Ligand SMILES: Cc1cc2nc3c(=O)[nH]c(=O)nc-3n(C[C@H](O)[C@H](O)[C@H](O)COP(=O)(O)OP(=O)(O)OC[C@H]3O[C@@H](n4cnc5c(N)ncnc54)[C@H](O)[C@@H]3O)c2cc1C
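Just one chain follows, in the form predicted alone, and it is written as structure tokens.
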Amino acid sequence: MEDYNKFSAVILGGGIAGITAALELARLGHDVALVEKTPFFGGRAAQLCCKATDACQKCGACLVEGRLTALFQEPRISLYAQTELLESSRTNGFFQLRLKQQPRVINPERCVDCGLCQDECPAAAQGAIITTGVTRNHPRYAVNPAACLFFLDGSCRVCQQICPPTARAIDLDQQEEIIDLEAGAVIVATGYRPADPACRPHYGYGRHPQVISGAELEERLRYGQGLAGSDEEIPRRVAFIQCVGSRDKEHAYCSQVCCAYTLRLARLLKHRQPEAEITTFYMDLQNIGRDAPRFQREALREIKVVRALPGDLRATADGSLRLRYLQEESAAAVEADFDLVVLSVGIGPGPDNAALASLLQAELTPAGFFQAASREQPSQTSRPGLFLAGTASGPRDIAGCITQALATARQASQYVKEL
């Protein structure tokens, strides 16, 4: 690699932590490259719903859009969407990164976000056209070469042909690009993967449509979709089951966010449909925000909490779901019927962590997250110049990701100034 695009820092991951770190570095006077593997910026936090009832519940979901607006207006930040790391080396203290960018088929300067490409695509159901509901992104559509018939066998140009003549935003002949970047610092902000709800097979996820994950509930509420096929917006009897993919033999850690989003979602459902009966099954209720006792008192006035995790779930003749659990006081078996069961899934390590750690010569924790230098230095790694932000290094809520990303950016800024 001889010709590099040079930056003070390269940030891997365009979610809330990566965006926050990029904006802070730009504010401090640095040129930054923000690299995102998917076509869209904002990450998982941008998919969460606002949980306000008659007052803000401080879930943090609204913090993303303002940062996205600032991101797209910041001239010091170069955006690389649909881009992933291929190689990493280091010379004289500077990182040299080789990246691959997927073909940028849809021209953002010409696209009008009409959606005709998705409407007419014969392989849309297979994921050939990807879209986002996060309106700050533009364009809100992208072609996925892995599923597009043109890229698979050259048999289709429907999206290019249907694109309005006044736009002509689609060019299927675009090729993937190899991009070489050099930077004094690299920040890993690649986020997390939600725990697989199927890790608790006795809850019937994938077999019963009335069993969904917390992430799916967030999405349905955000985009106004029905719940569990019900004609009602919110089913009458709803159960949340905590610690799915956390605090077990395979995932010994606490995901930190599940109690918070469960209680907020439960209160939101109750606010929208006061006659709904909401029950939360839990092991322990973790602290939620700065005024956790007050929040929990208010939540417990509106919803029922049961300190037990159901051991069995089965469908009944009337189409509801019957949960069986042991009552804490008496240890007696109790059964209760629900119309919707929400599995509160935890935060798992990113699926590419092992491969990325190998490329960057970074260490992983036993759970598979990126290893921080120490508890006192959560933003640093054992490798000078390589920093961490957000959930790449372990579970955090949105506010925690933002706080840590700001600290990471300031430490990275100081580091590159001293190179």
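Keep in mind that what you see is a predicted model, and the values were worked out from it rather than measured. One-based numbering along the sequence shown.
The same protein has a further form, the form predicted in complex with the ligand, not shown here; the description that follows concerns it.
Residues with any non-hydrogen atom within 4.5 angstroms of the ligand in the model of the complex fall in just one of 320-328, 146-154, 191-199, 109-117: 191-199. In the model of the complex, at least one heavy atom of R44 sits within 4.5 Å of the ligand. Looking at S382, you'd find every heavy atom of it more than 4.5 angstroms from the ligand in the model of the complex. In the model of the complex, none of the heavy atoms of Q371 sits within 4.5 Å of a heavy atom of the ligand. With a 4.5 Å cutoff on heavy atoms, I398 counts as touching the ligand in the model of the complex. Listed residues V305, I212, I234, V257 were compared with the ligand in the model of the complex; V257 is the one with a heavy atom within 4.5 Å. A heavy atom within 4.5 Å of the ligand in the model of the complex is found for exactly one of A362, A26, L48, L68: L48.
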